[in-house]
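First comes one chain, alone, set out as structure tokens in the form predicted on its own.
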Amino acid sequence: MKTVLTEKKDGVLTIRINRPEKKNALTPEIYAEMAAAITDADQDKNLHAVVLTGTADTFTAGNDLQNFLDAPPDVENSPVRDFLNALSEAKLPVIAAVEGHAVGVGATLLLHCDFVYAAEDAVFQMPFINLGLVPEAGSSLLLPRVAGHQRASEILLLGEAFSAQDAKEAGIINGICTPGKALDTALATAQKLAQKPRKALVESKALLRREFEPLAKRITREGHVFRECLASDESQKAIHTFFDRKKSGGARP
């Protein structure tokens, strides 16, 4: 049975972790396949978004600990690092759909996604401290940014499980949905993104993800990208469509 399933449909790539007998625990092979899928998606001009999900009852229990004990990953060169690099540097928007448990890297990887939707009974946990470990996947930097120092300390230093509502209040997820509907919700957002001009979508995400820089420099950077997008065929078509709508009485972009 394949442990990673992929499907391209209507401008969206869906990546499904498919190892239910092990609660979708991640192996080097799974990491490598997901990294390759995300990297390939960035090069596919027909794709506008990536959806990452698990099986019906589990997103992922995180790393396969026995695998990690038997073969600790290299810090600089490993399938884990390749996946985290691919995810954190993805050009296309990445949307996660969480059902069941999201544990360890299954929770920290969500900090690299652009949209996250979770079932109301989903359970999250970053239990590194309980295993004598430290946070990974950049979570010691990213979690305080979205949740604040005190909430991040609570999550990372106590290592306790928390609910979808807690995750939303901490800024880790965008929305909560009925159990069994997380993927549908994620795909609905992906379809909205699939209707956007691709270049503007990619460039907008790049600006949002860029590290801190002085405001004046960011304004200048936005101006250069804005002009580049304005000259694109996609932008010209969208603007002409707007004017056509305006003539017919529907002026909203």
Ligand code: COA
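The shown structure was predicted, so the numbers you read here are calculated from the model rather than taken from an experiment. All residue numbers are counted from 1 along the displayed sequence.
We do not show the form predicted together with this ligand, though everything after this point is about it.
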- Note on the structure: Exactly one of L65, A206, A216, A56 comes within 4.5 Å of this ligand in the predicted complex through a heavy atom, and that residue is L65
- Which residue among D10, E21, D244, D233 has a heavy atom within 4.5 angstroms of this ligand in the predicted complex? E21
- Tell me, please, which stretch of 99-107, 167-175, 113-121, 86-94 lies within 4.5 angstroms of this ligand in the predicted complex when heavy atoms are compared? 99-107
- Task: Please state whether every one of the three residues A25, A61 and P127 places a non-hydrogen atom within 4.5 angstroms of this ligand in the predicted complex.
- Result: yes
- Is V146 close to this ligand in the predicted complex, meaning a heavy atom pair under 4.5 Å apart or at it? no
- Query: in the predicted complex, does A71 have a heavy atom within 4.5 Å of this ligand?
  - Reply: no
- Query: Would L131 count as a contact of this ligand in the predicted complex, using a 4.5 angstroms cut-off between non-hydrogen atoms?
  - Reply: yes
